[in-house]
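There is one chain below, alone, in structure tokens, taken in the form predicted alone.
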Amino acid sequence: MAIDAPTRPRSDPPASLRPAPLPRGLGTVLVTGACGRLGKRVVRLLHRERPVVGVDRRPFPDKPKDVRHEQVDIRRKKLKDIFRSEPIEAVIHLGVMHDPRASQAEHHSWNVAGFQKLLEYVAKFDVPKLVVLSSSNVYGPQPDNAQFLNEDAPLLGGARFGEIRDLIEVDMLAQGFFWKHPGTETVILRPVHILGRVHNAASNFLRLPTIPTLLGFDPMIQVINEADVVRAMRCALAPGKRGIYNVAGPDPLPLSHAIRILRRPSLPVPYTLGKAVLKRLWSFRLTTFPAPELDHIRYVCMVDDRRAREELGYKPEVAIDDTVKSVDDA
């Protein structure tokens, strides 16, 4: 069943709920999911400016020497000890599981229960800033989508794609936290398809030696380089910033144009055939792309990112050609 979003948090809560301005220095920032490719980029940018604690159950052998790494499962009580050990001024939550092969129960336990535990500690220890990385995929590609969706658009990504439901729940938990805990400046970032060295569906799709397309469909797409996403997170850490922000890269382009930039051959197939083949391959664990992913190369799901540009002072710095070509840097 599709999940509609409540009215989005505006830039500021009502005056009656608005907290007094927080004195702000460059205190410690805690980064969950610090050992992912995106997490490592965040850590390596921020540690030059402030103390950083990276939290991830995976090892971090190449971490900067001044970064403290805690090899902790965010669902465990040991996470609480990290908050007790020193004042945390900001939390950046990147620790969302996107493993298409993990069970639904494991996804839910990690993504939702783990995030609820993190929110509990952010509230208990009065952390001044929380930045949550969501995704524009929560809106969902739909045949009747507006050309550009703003932050008020309903979250319909789970209507056809069950794997996105956890991300929608995380997004909505963060929205609820925004209103319940006005003393914490909560920022929810919804970036478009992230390209680069990351191993996500969009980057992996564009790395295929022959890129499949759907007969009769050439949707406009928005992509963003991972370096620009990291810059957006840094902008979100600024004092006084709160609310939901769509984050996009350079101007949109047709999928066919992106394929031409990569100089790869494409293979147009009928939708029904493509869906049947993917289902079959998925059942034999021969692909990491579930069939619902086809909607992303069938329908439009583009966002309006004016709020991020105007309020966060964010703007993409990586040109569109370089953004698309960055998938080959992995």
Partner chain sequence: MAPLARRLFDSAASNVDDWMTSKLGEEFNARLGRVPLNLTATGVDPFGMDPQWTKYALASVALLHRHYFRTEVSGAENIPSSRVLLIANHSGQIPMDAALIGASLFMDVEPPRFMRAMVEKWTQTLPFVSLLFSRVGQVVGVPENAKHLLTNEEALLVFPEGIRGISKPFSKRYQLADFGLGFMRLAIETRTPIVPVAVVGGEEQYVSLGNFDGLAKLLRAPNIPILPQLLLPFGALPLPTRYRIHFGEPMRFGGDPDDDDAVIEEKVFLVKATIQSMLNRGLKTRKSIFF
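Numbering follows the first chain given and starts at 1. This one's a predicted model, so the numbers in the text were calculated from it and none came from an experiment.
Keep in mind that the form predicted together with the partner chain is not shown, yet the notes after this line are about it.
Using a 4.5 angstroms limit between non-hydrogen atoms, Pro252 touches the partner chain in the model of the complex. Among heavy atoms of Ala105, none comes within 4.5 Å of the partner chain in the model of the complex.
In the model of the complex, no heavy atom of Leu208 sits within 4.5 Å of the partner chain. Not displayed here, the partner chain is approached by Arg298 to within 4.5 Å at the level of heavy atoms in the model of the complex. Met302 is the sole member of Leu278, Leu262, Leu294, Met302 with a non-hydrogen atom lying within 4.5 angstroms of the partner chain in the model of the complex. Screening Ala238, Ala113, Ala146, Ala123 for any heavy atom within 4.5 Å of the partner chain in the model of the complex leaves a single hit, Ala146.
Heavy atoms within 4.5 Å of the partner chain in the model of the complex are found in one stretch of 70-78, 189-197, 254-262, 176-184, which is 254-262.
Contact annotation for 107-137: no residue has a non-hydrogen atom within 4.5 angstroms of the partner chain in the model of the complex.
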